[in-house]
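So this first bit is one chain, no partners, the form predicted on its own, shown in structure tokens.
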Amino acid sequence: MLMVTQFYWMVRKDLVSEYRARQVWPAMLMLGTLVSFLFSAQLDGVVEGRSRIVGMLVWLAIYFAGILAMHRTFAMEQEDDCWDALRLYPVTASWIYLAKFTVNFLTLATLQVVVLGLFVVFSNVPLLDHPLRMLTVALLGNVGLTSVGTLLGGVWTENRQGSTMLAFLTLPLAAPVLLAASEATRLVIDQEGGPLWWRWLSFLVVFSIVFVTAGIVLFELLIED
């Protein structure tokens, strides 16, 4: 119970800090809105292969806007040596990782709601005709992107290279998630819920389990001085 309480306060600290500062979410949602509108505007003349293009554009919009939030999750800890103070907190590094993961997951979930809604409005694509399937893809894609971004966010914090470095570090590992989520989204739009859809879904499940486990196990090693 003590560990759960400490975990709760670490998550609450980040959410309250963002609520008071309002530095990440407004910029993230504005970027997500802009990217969604620009991507959707390019679909007006597309007829053939529209669902495949929409699936990829949706997840690219989520990824590029979400990187901003993942960057800030660790950037706020650099101020006034808060990162060193956090590491002195009586919890293991794996709990710090899970707390940061939870904050990033909630942030990315909010962004997904906005981006998916905007694509439905702007592109007139039936993304939400099968809400349960789309929700499943969104949750698993969220876990995959968040696990990678949170894990490498700790490396970025120690190296102090900036958000651009985090984007470069994350993209190669996030590419399989983007591909699988895009294809699963395309199949949802095309109303195909057969073995192929389950295959992409299974890939997202395996990827998420591997990287969440890797984060729990390796986070302490990656943030060592």
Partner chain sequence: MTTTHKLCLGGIVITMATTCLAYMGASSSWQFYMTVDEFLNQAPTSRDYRVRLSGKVGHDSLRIATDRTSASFTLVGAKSHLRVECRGPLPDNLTEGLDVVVEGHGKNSGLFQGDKVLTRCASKYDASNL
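Numbering follows the first chain given and starts at 1. All values reported here derive from a predicted model rather than from experimental measurement.
Below, we turn to the form predicted in complex with its partner chain, even though it does not appear here.
K.L.:
Taking V210, T213 and I216 together, does each of them reach its partner chain in the predicted bound form with some heavy atom inside 4.5 Å?
P.N.:
Result yes, every residue of the spot touches its partner chain.
K.L.:
Of these, 56-64, 22-30, 35-43, 193-201, which stretch puts a heavy atom within 4.5 angstroms of its partner chain in the predicted bound form?
P.N.:
Residues of 193-201 come within 4.5 Å of the partner.
K.L.:
Contact with its partner chain in the predicted bound form for M3, defined as at least one heavy atom pair within 4.5 Å: yes or no?
P.N.:
Outside the cut-off, so no.
K.L.:
Residue-level contact is defined here as any heavy atom of the residue lying within 4.5 Å of its partner chain in the predicted bound form; does V206 satisfy this criterion?
P.N.:
It does: once its partner chain is placed as it appears in the predicted bound form, V206 has a heavy atom within 4.5 Å of it.
K.L.:
Check R52 for me: does it contact its partner chain in the predicted bound form (non-hydrogen atoms, 4.5 angstroms)?
P.N.:
Contact check for R52: yes, within 4.5 Å of its partner chain in the predicted bound form.
K.L.:
Just to confirm, S94 within 4.5 Å of its partner chain in the predicted bound form by heavy atoms?
P.N.:
Yes - in the predicted bound form, heavy atoms of S94 and its partner chain come within 4.5 Å of each other.
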